[in-house]
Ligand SMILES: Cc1cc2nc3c(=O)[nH]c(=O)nc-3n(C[C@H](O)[C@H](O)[C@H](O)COP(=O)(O)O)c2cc1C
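Just one chain is shown here, as structure tokens, and it is the form predicted alone.
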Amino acid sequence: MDLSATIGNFKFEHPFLNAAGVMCQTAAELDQVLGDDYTGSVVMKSATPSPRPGNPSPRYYELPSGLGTINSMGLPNEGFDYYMDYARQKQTKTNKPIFFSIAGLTHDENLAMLHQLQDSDFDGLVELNLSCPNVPGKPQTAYDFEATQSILTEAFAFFKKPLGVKLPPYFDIVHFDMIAKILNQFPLAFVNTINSVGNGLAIDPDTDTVVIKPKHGFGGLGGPMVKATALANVNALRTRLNPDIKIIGTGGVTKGRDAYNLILAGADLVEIGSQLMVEGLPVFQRVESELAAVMQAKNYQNLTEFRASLKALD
């Protein structure tokens, strides 16, 4: 059975990646994900120009009954240079493409990091994260359509390497139309959808307090509770984006059927975030095995046979 996928000239022998923010901050964590036999790649932590400690703890919480997770990490990362050094060392030692994710806190920071990447010998894929919901005082760029158009226009004026964007979830049909109209103007390699559902709130029943400290308890939601939103965003964008813009589906994957559904809705690759935090690296082998079982039951031999073939009711 062939579970490989492609983005541009990059081939992924396995369709699964870590979601940026999970097991990807340090070189040791990145090595574990990159070295796992069931990952197609590694996505590095979204980098800012300088190292950041992130928000105060507790900033991550697993909700009861397997509902999912809530977090307000605040982009803790080791800084752009750290990840550039890592990528340079590893890209000559692995057959797996590497995703370099960046999330500047300002328009100019993002452009400056893109300039550095363009001028470097990095030869993987670059993800421009326009969707971090957990930095106090900083809005999500991708909800500002004018700002999104502006930064992509400036970026593609000089950036020639494979570039994609990480998007937040959209909840209105007209917003799918608006963001797709913008994205289709640019030679994007991929779109990654969705980031966590921003600004949820969870309460501890024993203490009547919020469960995380930053932002008075408001944080990004992940895990099973966001699965339907992820599917909707993948499918809505797949039916609107140019066919050469690939889609990475992220959100709510805990089992093989979840991954199958994202691919059926239009995803080329699938990222696992919350369940990777909960279960650790074995999640990749388990979910891939379960995906293969679903495909075998339906007599599919590769992902292209059912990708983006979701049917509507007559």
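Note that residue numbering follows the sequence shown and begins at 1. Predicted model only: the values in this text are computed from it and were never measured.
From this point on, the text means the form predicted together with the ligand, which you will not see here.
Novice: If you check 180, 113, 125, 75 against the ligand in the predicted bound form, which one has a heavy atom within 4.5 Å?
Specialist: It is 75 that has a heavy atom within 4.5 Å of the partner.
Novice: Does any heavy atom of residue 60 come within 4.5 Å of a heavy atom of the ligand in the predicted bound form?
Specialist: So residue 60 counts as contacting the ligand.
Novice: Consider residue 200 of the chain shown here, and say whether it contacts the ligand in the predicted bound form, taking contact as heavy atoms within 4.5 Å.
Specialist: Answer no; every heavy atom of residue 200 is more than 4.5 Å from the ligand in the predicted bound form.
Novice: Would residue 21 count as a contact of the ligand in the predicted bound form, using a 4.5 angstroms cut-off between non-hydrogen atoms?
Specialist: Yes - in the predicted bound form, heavy atoms of residue 21 and the ligand come within 4.5 Å of each other.
Novice: Consider residue 223 of the chain shown here, and say whether it contacts the ligand in the predicted bound form, taking contact as heavy atoms within 4.5 Å.
Specialist: Contact check for residue 223: yes, within 4.5 Å of the ligand in the predicted bound form.
Novice: What residues in 44-76 sit within 4.5 Å of the ligand in the predicted bound form, counting heavy atoms only?
Specialist: Going through 44-76 in order - heavy atoms within 4.5 Å of the ligand in the predicted bound form - the hits are 45, 46, 60, 69, 71, 73, 75.
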